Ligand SMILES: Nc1ncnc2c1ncn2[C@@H]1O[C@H](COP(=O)(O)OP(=O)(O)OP(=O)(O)O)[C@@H](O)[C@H]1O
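Here you get one chain, nothing else, as structure tokens; it is the form predicted on its own.
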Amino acid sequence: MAMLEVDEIRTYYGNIEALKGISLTVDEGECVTLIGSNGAGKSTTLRSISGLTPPRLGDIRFEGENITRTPPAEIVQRGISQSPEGRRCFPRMTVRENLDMGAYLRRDKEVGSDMDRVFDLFPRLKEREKQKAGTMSGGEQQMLAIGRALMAKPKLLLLDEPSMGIAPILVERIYETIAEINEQGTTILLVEQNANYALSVSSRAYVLETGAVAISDDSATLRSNPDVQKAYLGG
């Protein structure tokens, strides 16, 4: 049984059908990526999984249980957290306060050790622990957004466009850390427009086009696919 099963979901914004029957799976321990152009439905897929934009039709199952109509806060408690597109850090709060917000639903005694883990993964956040998030660079805010999502102690981490608007040198560092997070045992579903980075860290990938899955295969095979190279890899 897959950790996450998305079965023929159809998600709408008003009368506009954004997802037209998306199906995908993510197994425990995997890093799976969704690639595609703007408007393909990548972010909407993550929003549907996290309960922010529930699908009208279809089912989403997490660890065998249907979560299609589950409220977002309960989905976080079940073990799914998201680092959103555009980072969405709380600009007037410090780095530590933002990280604390990621753990706001937790009542266990491991919050402190998870904070230390985030600082180990992103030493720059430790350096800026008392700095307001709004004064940091885009790359630093992206580190903070991922760190905040990790503070929920997710079984499944949803990452939405982690390279967007960030200097290339920091993108490389962030992707090294994404690979490290996955190696440490956190399952990842990654949405990314930069297909080169996404395919380099993932085991499998789905190519989305206008709200539907056009191709799905292992990442190495997709990297050598001429159509994918031409459309997404600059080949």
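Keep in mind the model is a prediction, meaning the values are calculated, not measured. In this text, residue numbers run from 1 along the sequence as written.
The form predicted in complex with this ligand exists for this protein as well; it is not shown, and the discussion that follows is about that form.
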query: Heavy atom of Gln184 within 4.5 Å of this ligand in the predicted bound form; finding: no
query: Non-hydrogen atom contact Gly39 with this ligand in the predicted bound form at 4.5 angstroms; finding: yes
query: Proximity of Glu85 to this ligand in the predicted bound form, heavy atoms at 4.5 Å; finding: yes
query: 4.5 angstroms heavy atom contact with this ligand in the predicted bound form for Glu161; finding: yes
query: Option touching this ligand, based on a heavy atom within 4.5 Å in the predicted bound form, out of Ser203, Ser43, Thr177, Thr68; finding: Ser43
query: In the predicted bound form, segment of 195-203, 59-67, 165-173, 31-39 with a heavy atom within 4.5 Å of this ligand; finding: 31-39
query: Members of 106-122 lying within 4.5 angstroms of this ligand, judged by heavy atom, in the predicted bound form; finding: none
